[in-house]
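One chain comes next, on its own, written as structure tokens: the form predicted alone.
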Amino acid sequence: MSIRFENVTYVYGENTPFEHKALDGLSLEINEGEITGLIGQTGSGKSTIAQLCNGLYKPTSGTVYVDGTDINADKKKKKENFFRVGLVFQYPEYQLFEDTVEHDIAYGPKNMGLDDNEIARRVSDAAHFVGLDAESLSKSPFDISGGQRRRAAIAGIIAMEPKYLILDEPAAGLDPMGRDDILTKLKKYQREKGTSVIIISHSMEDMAKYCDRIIVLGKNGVYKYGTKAEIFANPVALRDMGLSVPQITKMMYRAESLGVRFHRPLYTVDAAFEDIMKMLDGEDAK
């Protein structure tokens, strides 16, 4: 059970003066039941991969499999895949269009052919999960804040109860509190439902805090796919690719160069706080 790319190439504007190859022979497998981060420089193909997974794009060549099925084999399989692989775009205002937030969240379940009671349940559960109250549900999606629109867009996809949930920069433009709230809810959702979540982000801090595994895209496809420890172990290679490691990891490497030794590699502020407190407790004991 996974999303698998087999020698996938995707070309924008093929056979036009604007032709651009976004992916070239990409082979990749994303396992189910985890939160997977997808990072890479702008133009490395992250958003293209997301839309190929969902079936909005069809490969120029190669095959995309979801749970062993070629999603582009026929129209029926492609339609089924829209509900199996939910996609939240980077800019939620492009994804919201109904007269009320409630109707927007209900749009996907309605198109799944569900009955009214099941649609109502899913809308209520999804809205509650992302923190939208009854007053927000009755408003136009264009009369609520940017953070609420982000929540509404996520709720509309969650209401379809997809097996795979892909989010393209879900925290972009949010303040730190709003970002942490959204991502913490997504992590909770993944743990409770067992849904496979794929997060595209430029934030190394978010990748370190919320993801189980991380895919790094380079110019020639997948540079590395592994745990946080495996990905952030070589900051020089990431820097050469125009990427980075979390700020707290930079601090750890700098401190270790000056002789400070931590109990473990540090990728989050919480982990750093725990280790520093252990060091201080050790000093007090002496």
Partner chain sequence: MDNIIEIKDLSFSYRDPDGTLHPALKNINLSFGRGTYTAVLGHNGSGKSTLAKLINMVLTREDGDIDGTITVCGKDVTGELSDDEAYEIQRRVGMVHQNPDNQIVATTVEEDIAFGPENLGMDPKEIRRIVTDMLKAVGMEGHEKSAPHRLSGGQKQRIAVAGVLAMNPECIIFDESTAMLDPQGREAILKTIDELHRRGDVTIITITHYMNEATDADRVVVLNRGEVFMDGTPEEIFTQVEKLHSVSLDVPQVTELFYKLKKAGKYSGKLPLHTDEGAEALAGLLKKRGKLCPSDLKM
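Residue numbers count along the first chain shown, from 1. So that the term is clear: the rigid core is the largest set of C-alpha atoms that superpose within 1.5 Å between two forms. Note that the coordinates shown come from a computational prediction; the quantities given were computed from them, not determined experimentally.
Beyond the structure shown, there is the form predicted together with its partner chain, which is absent from this document and is the topic of what follows.
Is residue 264 a contact residue for its partner chain in the predicted complex, using a 4.5 Å heavy atom cut-off? Output for residue 264 is no: heavy atoms all beyond 4.5 Å of its partner chain.
Wondering, does residue 1 line up within 4.5 Å of its partner chain in the predicted complex on heavy atoms? Residue 1 lies outside the contact set for its partner chain.
Is residue 139 a contact residue for its partner chain in the predicted complex, using a 4.5 Å heavy atom cut-off? Output for residue 139 is no: heavy atoms all beyond 4.5 Å of its partner chain.
If you check in the predicted complex, is residue 224 within 4.5 Å of its partner chain, heavy atoms only? Residue 224: no contact with its partner chain in the predicted complex.
Consider the chain as shown here, without its partner, and state which of 100, 90, 124, 72 has a heavy atom within 4.5 Å of its partner chain in the predicted complex. Partner contact (heavy atom, 4.5 Å) among the options: 90.
Just to be sure I understand the contacts: of 212, 181, 168, 205, which is the one whose heavy atoms reach within 4.5 angstroms of its partner chain in the predicted complex? Of the listed residues, the single hit is 205.
Looking at 38-46, 229-237, 62-70, 23-31, which one sits within 4.5 Å of its partner chain in the predicted complex if you count heavy atoms only? Partner-contacting stretch among the options: 38-46.
Residue by residue through 1-31, which ones have a non-hydrogen atom no more than 4.5 angstroms from its partner chain in the predicted complex? Stretch hits, in order: 17, 18, 19.
Note yes or no: does the Cα of residue 276 move by 2 Å or more between the shown form and the other one after the core is superposed? Comparing forms between the shown form and the other one, the residue 276 CA shifts at least 2 Å.
Does the distance between the two CA positions of residue 263 reach 2 Å or more between the shown form and the other one, the core being superposed? It does, since the residue 263 C-alpha is displaced 2 Å or more between the shown form and the other one after the core fit.
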